[in-house]
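Only one chain is given next, in structure tokens, and it is the form predicted on its own.
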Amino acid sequence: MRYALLHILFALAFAPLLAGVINRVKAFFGGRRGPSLLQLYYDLFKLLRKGAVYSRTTSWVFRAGPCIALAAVLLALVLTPLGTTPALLAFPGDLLLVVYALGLMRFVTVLAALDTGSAFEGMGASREVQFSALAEVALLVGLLAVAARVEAFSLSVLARQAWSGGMAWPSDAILLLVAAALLVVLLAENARLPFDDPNTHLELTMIHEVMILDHGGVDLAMIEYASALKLWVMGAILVSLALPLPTAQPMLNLVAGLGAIMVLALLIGVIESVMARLRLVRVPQLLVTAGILSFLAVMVAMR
């Protein structure tokens, strides 16, 4: 229990650091110095000191969106293990609740964007829903494939049993297929290249960023922090299934998981440095490919 609590505390403290690591890697590839590793922390503290301005068009839905989104991702965090470190709350079927919690976060963000009455933000919300409908299938089916293999429906049990004992080829293939699918979903769901560019200002290519243009101050701080936690949660799920380093030392497992999260941030930075943004018509094709990988994992698990 204490190691699970440590994971939560580390996630709350270091989730914004992931964006700093990604940006520094991109700066290195671009021959630049880049922003500070703590830049997102500075931005969050600056936003917390500012007030929020609300349009007369918006209702309570717009104001409640950031709060509910942050609460939803916090719920997903306490249900997510890190490697073989179990989740703070674990029970059969919690993997479904994690997927639905992340879906709720997306849902309220889309509602808040639509509540502004802006056609521009409605365009971004439409794209978000379209791509998420494909990404959710790949995420859920991939987790169910591993669950069918180990005959358990808790993320903590999946993480503990996925790499335990001797690894036969069928189970190894399942984890490889699911890990590849989850990496694609992670990039898409967190508005990373090649699906989206969090720094873009091009109207015809914005997806996630366009939905939060009317937010400011504390509301925007909650959205940015929730996004950082979402990246941590999805990274922890990927690490839990792809990290074959279970040991008899719980603290060593936790440290290995934290190190793997940082390595994942480095990998994301490398991917964003060597790949260009996809055309919007190509994004569904890559997400469908991730879904196919997840379904292949299910077929292997049912052999």
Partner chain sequence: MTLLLICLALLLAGAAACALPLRSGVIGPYAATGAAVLASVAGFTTLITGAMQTVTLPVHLPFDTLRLGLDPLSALFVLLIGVIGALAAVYGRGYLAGQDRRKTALSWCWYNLLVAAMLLVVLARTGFIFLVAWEVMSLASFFLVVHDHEKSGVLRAGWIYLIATHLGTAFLLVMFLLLGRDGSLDFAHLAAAGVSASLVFALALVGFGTKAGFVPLHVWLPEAHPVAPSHVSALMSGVMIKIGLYGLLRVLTFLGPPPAGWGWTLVSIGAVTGLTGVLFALAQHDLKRLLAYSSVENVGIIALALGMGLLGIAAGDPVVSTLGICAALLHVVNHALFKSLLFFGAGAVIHATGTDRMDRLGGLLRLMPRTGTAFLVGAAAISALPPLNGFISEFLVYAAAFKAVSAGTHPWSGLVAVAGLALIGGLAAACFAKAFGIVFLGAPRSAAAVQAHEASLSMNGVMVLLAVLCVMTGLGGLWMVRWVAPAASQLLPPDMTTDALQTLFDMLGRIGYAALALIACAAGLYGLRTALLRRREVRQDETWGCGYVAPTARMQYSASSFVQPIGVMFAALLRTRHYLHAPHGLFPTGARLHTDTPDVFVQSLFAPALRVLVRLAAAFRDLQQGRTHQCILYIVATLLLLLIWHLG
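Note that the structure is a prediction, hence the values are computed from the model and not measured. Numbering follows the first chain given and starts at 1.
Omitted here: the form predicted together with the partner chain. The next part is about that form.
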*Would you please decide whether G51 lies within 4.5 angstroms of the partner chain in the predicted bound form, comparing each non-hydrogen atom pair?*
yes
_in the predicted bound form, does L187 come within 4.5 Å of the partner chain, counting heavy atoms only?_
no
*Are any of the heavy atoms in S55 no more than 4.5 Å from a heavy atom of the partner chain in the predicted bound form?*
yes
*For A4, is any heavy atom within 4.5 Å of the partner chain in the predicted bound form, or not?*
no
_Quick one: R63, L75 and G117 and the partner chain in the predicted bound form, is every residue within 4.5 Å by at least one heavy atom?_
yes
_Under a 4.5 angstroms heavy atom criterion, identify the one residue in L193, V157, L229, M222 near the partner chain in the predicted bound form._
M222
*Does any residue in 129-145 get within 4.5 Å of the partner chain in the predicted bound form, counting heavy atoms only, and if so which ones?*
V129, Q130, A133, L134, E136, V137, L140, V141, L143, L144
